[in-house]
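For reference, the chain that follows is the form predicted alone, supplied as structure tokens.
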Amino acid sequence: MVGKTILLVDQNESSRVYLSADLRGKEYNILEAASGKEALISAWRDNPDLILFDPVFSDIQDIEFIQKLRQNARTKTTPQIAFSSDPAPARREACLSAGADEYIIKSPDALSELHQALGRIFDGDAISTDAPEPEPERIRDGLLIVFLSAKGGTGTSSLCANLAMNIKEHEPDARVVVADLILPIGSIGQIVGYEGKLNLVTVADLPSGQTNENYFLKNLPEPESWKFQLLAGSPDPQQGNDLKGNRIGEIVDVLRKTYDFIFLDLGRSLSRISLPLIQQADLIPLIVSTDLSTVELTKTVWEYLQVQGIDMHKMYPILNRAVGLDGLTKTEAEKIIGFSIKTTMPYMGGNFALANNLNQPITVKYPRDTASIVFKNTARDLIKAARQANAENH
């Protein structure tokens, strides 16, 4: 399949950019078109090996597009895959009847389905390039994944909750917990819709012997639709100020012995409480937004972490464009910070904030949005990166 040329047609720019990057990573040559008519010209001129298109066009009917390709000698036998934002059975049937070889609905699992389809078409190999790797031998403690940012307002808590949820979906048998350690007031409880009284402060007030593995498994809530268990943060600044900070390290130690994946949301906290947790982390997703001040502060934070002995292999920088398109590009941000950004969350307009306000995961509220595909694949990558970093540390 190496060297095959794919014509990618999608009027949604963020979807097109993401898909082209993924396919180029699989060593395909990619041509791009933003409209149906532009795609027809490219198909007849450039003779691609396959045409991958979202059949929702603004300038041509989907059936007409497929038929024009099938009726022209230059593209009569060219494989066509509809990678569609429309889940309607009628559109699927119409596209397949008109001559499309495959119809894949954009969803969290769509990218894996696409790679399987490409394997079938190009070399008859039905094995997905994204087939899950063999399960590694269980490590002694759970994997500690610490979310950090240099500045508030970067969407760190939302990314933490959404990625934890997607990891649980990817590995349903794993025990996953999210602990909100942002002080003096937490934010994940508000995002997932938790209003109970059990939180970090009340747990820290309990005797050490009581907060054992069974206590957390039996008492921590599992917010509806989110799948993980939650240790919520302080509900107000007064309780946050009363937190027994000397208990935090012990609580996290018990969580690591109880769960397979432990997500800690530290926000922008760099303190005597949070620093030891960062140093113990298997992986540190560092959330960056596109404004210049946040990027410059991120560079300062990274320089500080280096002084504290944090290795680069633990870092997993994420550029969150979901909060806004304005500002620096990924390349510009990388140049300032001094290292490569692992993944970029695409712009979602008001959908990012709306999903948070409705207490719903992105992949549940907007299953066909490009962001849902990114969350799904980033979660898989986090699992792989955390296990690799853990292996290197041991």
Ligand SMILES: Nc1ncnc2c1ncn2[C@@H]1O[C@H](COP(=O)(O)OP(=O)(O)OP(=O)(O)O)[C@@H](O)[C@H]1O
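These numbers were taken from a predicted model, which means no experiment stands behind them. Residue positions are given as counts along the sequence shown, with the first one as 1.
Separately, the form predicted in complex with the ligand exists; it is not shown, and the next lines address it.
- Shown without its partner, this chain lists Pro237, Gly153, Gly99, Gly245 as candidates; in the predicted bound form, only Gly153 has a non-hydrogen atom within 4.5 angstroms of the ligand.
- Though the ligand is absent from this view, in the predicted bound form it lies within 4.5 Å of a heavy atom of just one residue from Ala33, Ile51, Met348, Ile66, which is Met348.
- In plain terms, the part of the chain that comes close to the ligand in the predicted bound form, with a heavy atom within 4.5 Å, is 157-165 out of 157-165, 271-279, 74-82, 194-202.
- Proximity of Asn320 to the ligand in the predicted bound form falls within the 4.5 Å heavy atom cutoff.
- Within this chain, Phe352 lines the site of the ligand in the predicted bound form, having a heavy atom no more than 4.5 Å away.
- Not displayed here, the ligand is kept clear of Thr363 by more than 4.5 Å at the level of heavy atoms in the predicted bound form.
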